[in-house]
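Next up: just one chain, as structure tokens, the form predicted on its own.
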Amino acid sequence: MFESAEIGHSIDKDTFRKMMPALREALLDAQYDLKEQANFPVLILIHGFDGAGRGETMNLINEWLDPRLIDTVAFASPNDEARARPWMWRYWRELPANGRIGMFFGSYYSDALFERVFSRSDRDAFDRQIFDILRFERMLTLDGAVVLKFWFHLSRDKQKQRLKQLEQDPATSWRVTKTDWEHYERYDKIRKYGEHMLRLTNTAHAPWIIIDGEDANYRGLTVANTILEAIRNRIGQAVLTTDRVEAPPLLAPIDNKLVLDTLQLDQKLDKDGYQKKLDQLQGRLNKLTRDPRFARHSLVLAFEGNDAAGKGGSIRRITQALDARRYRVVPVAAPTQEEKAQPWLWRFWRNVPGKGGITIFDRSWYGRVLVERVEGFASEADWMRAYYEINDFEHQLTENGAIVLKFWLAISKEEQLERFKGREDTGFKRFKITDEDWRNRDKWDLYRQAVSDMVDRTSTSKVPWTLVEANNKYFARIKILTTICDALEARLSE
């Protein structure tokens, strides 16, 4: 893959000086057009061999662009906060918003590559990380992002020559570190594993651009022109993404019987029996989350359900048993402007708990395949691919030790009407009922189908759905607490 980057590309100083002013102006114009259109971001990844001019080129591009509209992040080894979460978490947090350019110096590719180079991962682990990256970049580009990946290349001899040249000049000697020479000693491994990584991730939607890093003028003009053309081409497209459904069709069963129809909603549990079981389960939950083994895990709870099904009351019975320093409740409403400018899963990745932590989502990422589907806020192509993206998100959580539990609280249409009227008639509960709740009720059958499709496509062996019969709120709360405690005990005993 690197042959063309070793043939000695160069641009003389006079040519560089002649081309630079017009190129800088065009880059700025494109950057401002990107800002005005504000419906896609540009993510630039800088990788390659030490001494190949990565830092100098990044500084040059930063100098030529408006710094107010570009976010530059240099990633070092993950800190404790990052290690306590799925490995892609810190990159999700730094994604540029629509209308902006993000430049990553080092990225998820560095993590995967150097873990392999220094024998901290084997071939299978390396390939698993590569496929995590492929899914991530596919998700970004389907959401409209432009992803530009640059590999700055030098031959082994040229790298040694470049490092010595920098080291011998007092003005640049500080740029050569012990790590650079350690990487040089592993040049063959970096090249071998780097080529494997680039080959598998060189996709049509996020291709690699391999740059000859020997000549500063050549690499600067090449990178700038590539960025310019990528932005221009995207701005010139009438449609940012192909609106194509990439999942099998959803067909209703011939007998119209759905999974929700199997629930016996009117379960029995009186108040006295409820209070006794509640005290026992809350004590059990408190003890489990204080178990030293829980420090190797995290707990993620996602609550969905019919309006007025009792999600809030169930969450309160959980938090009553927890140390307030250990948990967060994240209420999920319509996305803010900041959240709309990011990939749709971004706001949930931001709230992923670290080891020993607990996050409770009151509504969740399933809004994409529920309310956004039913209300038409997402296209069919977007909510259909969301099933895959949701399963991938939850897989990454569980691979990092998270215990992920999902609850759908179901009530009958008659019970919902009674609860709606009760809220309207009770002053301190009136805030709980909105016009939107009544509108959602009018689409009961559409939500019934959407929920059943959601369960069928996202209930996995590691992260199954728990369907909760919630006409009796006491029964619902006890079932939820029992499910959480049983799941924690099973996981901690593994």
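Model, not experiment: these values are computed from the prediction. One rule holds for the numbers: they count along the sequence shown, beginning at 1.
The form predicted together with a further copy of the same chain is left out here; the points below concern that form.
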property	result
Partner-facing stretch of 313-321, 116-124, 138-146, 219-227, counted where any non-hydrogen atom is within 4.5 angstroms of a further copy of the same chain in the model of the complex	313-321
Heavy atom of residue 72 within 4.5 Å of a further copy of the same chain in the model of the complex	yes
Heavy atom of residue 295 within 4.5 Å of a further copy of the same chain in the model of the complex	no
Touches a further copy of the same chain in the model of the complex: residue 14 (any heavy atom, 4.5 Å)	no
Touches a further copy of the same chain in the model of the complex: residue 398 (any heavy atom, 4.5 Å)	no
Contact test, all of 80, 290 and 328, partner a further copy of the same chain in the model of the complex, heavy atom 4.5 Å	yes
Position in contact with a further copy of the same chain when the complex is considered in the model of the complex, options 203, 391, 282, 161, heavy atoms within 4.5 Å	282
268, 421, 350, 413 - the one with a heavy atom within 4.5 Å of a further copy of the same chain in the model of the complex	350
Sequence-ordered residues of 100-138 touching a further copy of the same chain in the model of the complex, heavy atom within 4.5 Å	105
